[in-house]
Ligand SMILES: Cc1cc2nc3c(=O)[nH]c(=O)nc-3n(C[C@H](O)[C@H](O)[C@H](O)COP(=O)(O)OP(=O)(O)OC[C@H]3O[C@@H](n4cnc5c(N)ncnc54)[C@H](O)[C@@H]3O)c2cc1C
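One chain is shown next in structure tokens, namely the form predicted alone.
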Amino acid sequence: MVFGSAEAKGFDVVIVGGGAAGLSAALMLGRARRSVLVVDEGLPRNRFAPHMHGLLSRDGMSPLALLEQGRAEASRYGVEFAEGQVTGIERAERGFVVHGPVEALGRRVVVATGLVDVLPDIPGVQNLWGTGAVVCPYCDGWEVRDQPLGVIATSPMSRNQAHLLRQWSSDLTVFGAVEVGIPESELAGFAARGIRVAAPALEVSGSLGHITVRTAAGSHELSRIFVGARPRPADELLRSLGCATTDTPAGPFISTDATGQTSVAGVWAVGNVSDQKALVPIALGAGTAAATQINISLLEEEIAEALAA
């Protein structure tokens, strides 16, 4: 789809990011008879995973299949799509101009660009990411329950990941816990729950079900590795607009209200870009919550304009 570059095409809402949160918002807004454009790069965070879990009626479905179905559903309600990267968002007299593969004017803007997992610099982790090396016990713990598992510690926060993962398996090893600063009191908690501590991982190899972790002290054979990936929100567009942030244990994230509205009027942030813990079901709900509030804000604006006229 190509719009004329001389003049931006206008929409009620422009959504940047076509993942679960963005598509959920687009679907609801399309059903509300709002004109909607979704601009998406086609690089969802979970694209490496063959399945997703914990989503009612869609448990085990491919995340890419979910997005394909979501685009088809939203299209039925008139939602338009453009493929590519948004390079900037600027304020305009009646909303915001979105620059990217197309030039579009949106009365409201939704940013649903997600986050990037910054992986530890250990050979082999990147190659296994999304299959043999993952981050979320809720998403991937059941499939390897009661099997030998490992956690590659990357910060003191890895303590939480290890204790949580202990619910799925009693055969659990944490690599590099001491080196990343997990305190002695927490190491005692590991020992009390039967969680082993090993030297830092130097290399990871194999495939799901047959993972080898090499350390300076030897090798460990595991079924799956859980990695304390450091999340980095893809929030550059929101920051450029002046959206306020809130400090979290994972670093600053964009501040929003319960519907995803940011500190900048007319701008919403939904999904992982503003909530590190937004699993797919949560992201879907966040998109719906944002859409209903956006529609109300547009409606109130239209009422005021009608009265003024």
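A residue's number is simply how far along the shown sequence it sits, counting from 1. Values in this document were obtained by computation on a predicted structure and should not be read as measured data.
Absent from the display: the form predicted together with this ligand. The rest refers to it.
Colleague: Even though this ligand is not shown here, does it sit in the predicted complex so that Gly18, Asn46 and Ala112 each have a heavy atom within 4.5 Å?
Modeller: Looking in the predicted complex, the three residues Gly18, Asn46 and Ala112 all sit within 4.5 Å of this ligand (heavy atoms).
Colleague: Within 4.5 Å, heavy atoms only, which of Thr215, Ser205, Gln85, Gln126 is in contact with this ligand in the predicted complex?
Modeller: By the 4.5 Å criterion, the partner-contacting residue is Gln85.
Colleague: Could you check which residue among Ala92, Val135, Met157, Leu164 gets a heavy atom within 4.5 Å of this ligand in the predicted complex?
Modeller: Contact residue from the list: Val135.
Colleague: Although the partner isn't part of this model, could you tell me whether Leu279 comes within 4.5 Å of this ligand in the predicted complex, counting any heavy atom of the residue?
Modeller: Because a heavy atom of Leu279 falls inside 4.5 Å of this ligand in the predicted complex, the answer is yes.
Colleague: Please determine whether Gly271 contacts this ligand in the predicted complex, using a 4.5 Å cut-off between heavy atoms.
Modeller: Yes, Gly271 sits close enough to this ligand in the predicted complex that at least one of its heavy atoms falls within 4.5 Å.
Colleague: Using heavy atoms and a 4.5 Å limit, would one call Met52 a contact residue for this ligand in the predicted complex?
Modeller: Heavy-atom contact with this ligand at 4.5 Å: present for Met52.
Colleague: With the partner left out of view, is Leu37 within 4.5 angstroms of this ligand in the predicted complex by any non-hydrogen atom?
Modeller: Leu37 lies outside the contact set for this ligand.
Colleague: Among 28 to 36, 271 to 279, 257 to 265, 239 to 247, which stretch has residues whose heavy atoms lie within 4.5 Å of this ligand in the predicted complex?
Modeller: Of the options given, it is 271 to 279.
Colleague: Taking this ligand in the predicted complex, which residues along 124 to 163 bring a heavy atom to within 4.5 Å of it?
Modeller: The stretch touches the partner through Trp129, Gly130, Val135, Cys139, Asp140.
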